[in-house]
Every structure is written in structure tokens, then in C-alpha cells.
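One chain follows as C-alpha cells, the form predicted alone.
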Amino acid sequence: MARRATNPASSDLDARKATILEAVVSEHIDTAQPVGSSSVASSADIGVSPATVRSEMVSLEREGYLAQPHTSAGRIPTDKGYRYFVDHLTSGVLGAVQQQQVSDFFANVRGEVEDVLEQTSTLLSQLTRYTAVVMGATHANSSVLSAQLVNIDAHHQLLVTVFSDGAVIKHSLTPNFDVNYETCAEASRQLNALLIGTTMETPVQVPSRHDHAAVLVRDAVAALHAQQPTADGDNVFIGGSSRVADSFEGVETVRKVLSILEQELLVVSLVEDMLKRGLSVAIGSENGFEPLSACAVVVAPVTIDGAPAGAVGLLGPTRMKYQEAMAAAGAVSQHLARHFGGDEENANH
């Protein structure tokens, strides 16, 4: 079964009601239209008459799983109905064509972390036709692989730090003394001895000497550690924002959703809150933002060696194709972890 994406107090329905609810949700996802009892009776493998189905649908409406938008119309799922449907989904897998598309992408993608994350957001949106969110780590839990000082000129050095999650961070140093190649090389040697294997949160004992190499080391460590990891929008990438207009009915709904996407801090907050609550899917009001009350959000964490390294997500209407979206988010998060963890060659195993 798929991982539960909700509060475990969710009640169970009897088999017939559950089958009818699943049929209504599935058809509404496909058609965006209210679903009638005759359609359910002919499509669902329940072996009862339309009249019996109608009676059960009335009961499901009374219990809050379905709603009737118009007196003469069929039913549509409520957020509670979608929630029950999602909680009882079996795990899905990407189709063969999509799997190959993901494998080819990660076999060929190159560049620094930010470039890879931005391209991944586009890939995920193309796979699902929903708006995609890809977040990188803050580097707080990533260890330093190398730290190199590049001597631009006598008063300008560039600190290039490579982290285990693939991030490359650059800082400019402007000492008030002349720096030659030998001093810069010695400072790099000392920096690597101090920093390799440490994280941004590891205390580092810098040299107290006053020679130029030691001063460069202290300036470099101070510059690196001044970059405190924060929950900002600098490392979040949104792909397929234009798909919002195709996903939702009503100009006002589209405007509200786009206004949230433009505020990257809110996007980060939404994804992090879902992960903290153990949610893989948030539906409607569960998102905690009124402008997203017509939305469903699917997230999958990215972990490297057991440590958080970001997340991927999808935003679409509540009538989202949940199984496909969850499969796509899960597959991409696993490939991202392998890519940055140096094990992408095993991504298909």
C-alpha cells in the first residue's frame, strides 16, 4: 500500500461504499464532471442496481465523502472523499516511457546543484503536466569535500567550497595585504585540513597566527560560516507555473494559486510543514493556505545517507491523478538522491 498521507484516525468504509467512492473519484478525476449512479453501476464491479448505488451515494454524501453541486446533478468527491481515496491507493509506478525519460535525464544532466534542481523541476512538470516544486538542501547537514582558494589578483581571492550534496559555494575575499600564489596555495592547504569532513555547523579551530596565510584561512572560514542555512526561497525551483491556468477552472482560482507560487517562502513553508507532519499528500484545506483550497500537493523527500537533502513536489487540482503524481515524485526524488549521492548508475536497480 502507499504510505498513509493523512491522519490515522480516518474511518474505514464498508467494501461496497468504498468501491462506489473509488469509482466516483476515478471518474471525476478523468472527466471533471459530476458522476451519476448509473455510470457507477455500469463501471464499478459491485453487482448492484443503479438504485442501490444511488442510495449508497446519498449515504456517502451524508457522511461527507461526496457532494451534489446541483439538485439534478450527480456527485463529486469532497476533500474527505479524496482523502479516503488517497489513503487506500496502492503504490503506483511510472510507465516504461516515463521511466526511460527520467533515467535519460539523470544520465545526462550536468552543472551545479542549482542548475540540476531547476532542470529537474521542468522534467517533473513535463512528466505529470502539473506545476512542480524542487527544493534543495540548506547544506547544514552536508560535509565539505574540498575548499580551494583561487588567487584572482593580489587583493582578490575566490573561495570555492564543494559539499557532499553536490553544492558548490563561492565567496570573494578582499584582504588588505598583497597575496601571492604561494601564500594562496598554503592557505588552501590549511583550509582543506581544517574543513574536509566538517559541516556548516561544525565548530572549527582556526589558526591564531598573524602570517598572511593564517589570516586568509580565518577570513575564508568566517565567510563560509556566515552563510547560515535558512528557510529562504533561494534554493526552490518551480517548473510549469503556466500549467496552473490549464489545471483550474475560474480566473480567481488561477490568480490565487499563482500568487502563492510567486512567494517562494510560502512554497518552502508549505513543503516543510507537510514533511514535518509526515504527509505525502495534502488536499484542499489541509494545505493550510486558503488560496490553495482547490489544490492538492504531493511531496516526496530527498534523503542522502539518511540526512534530509531537499524535496520534490507537485501542485495540481484536487482531482489530481494522485497515483501517477505520487509515482513521479517518488521516482524523481530517488534519482536526485542517487545523483547527488554519487550513485546514479544504480538508479534503476
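Under this definition, the rigid core comprises the largest set of C-alpha atoms superposing within 1.5 Å between the forms. Throughout, we count residues from 1 along the sequence that is shown. Fair warning: this is a prediction, and the values are worked out from it, not measured in the lab.
Form predicted in complex with another copy of the chain: not shown, discussed below.
Identify which of R277, R189, R209, K170 has a heavy atom within 4.5 Å of another copy of the chain in the predicted bound form; exactly one of them does.
Looking at the other structure, the residue within range turns out to be K170.
Just to be sure I understand the contacts: of A193, V251, A222, A107, which is the one whose heavy atoms reach within 4.5 angstroms of another copy of the chain in the predicted bound form?
By the 4.5 Å heavy-atom cutoff, the listed residue in contact is V251.
Find out whether any non-hydrogen atom of G240 is located within 4.5 angstroms of another copy of the chain in the predicted bound form, and reply yes or no.
Result yes; G240 sits at the interface with another copy of the chain in the predicted bound form.
Using the partner position in the predicted bound form, report whether V93 sits within 4.5 Å of another copy of the chain, counting heavy atoms only.
Heavy-atom contact with another copy of the chain at 4.5 Å: absent for V93.
Residue-level contact is defined here as any heavy atom of the residue lying within 4.5 Å of another copy of the chain in the predicted bound form; does E201 satisfy this criterion?
Outside the cut-off, so no.
Does A73 reach another copy of the chain in the predicted bound form, with heavy atoms at most 4.5 Å apart?
Judged by the heavy-atom cut-off of 4.5 Å, A73 is well away from another copy of the chain in the predicted bound form.
Would you point out which of 241-249, 211-219, 267-275, 95-103 contains residues with a non-hydrogen atom within 4.5 Å of another copy of the chain in the predicted bound form?
In short, 241-249.
With a threshold of 2 Å on the C-alpha, tell me if C184 counts as moved between this form and the one not shown once the core is superposed.
Yes: C184 shifts by at least 2 Å between this form and the one not shown.
Take the rigid core as the frame of reference and indicate whether the C-alpha of D219 shifts by 2 Å or more between this form and the one not shown.
Comparing forms between this form and the one not shown, the D219 CA shifts at least 2 Å.
After a rigid core superposition, would you say the CA of Q148 moves by 2 angstroms or more between this form and the one not shown, or not?
Shift at Q148: 2 Å or more after core fit.
How does the C-alpha distance between S172 and E264 change in the predicted bound form compared with the present structure, closer or farther, given a change of 3 angstroms or more?
It is closer: in the predicted bound form, the C-alpha atoms of S172 and E264 lie at least 3 Å nearer than they do here.
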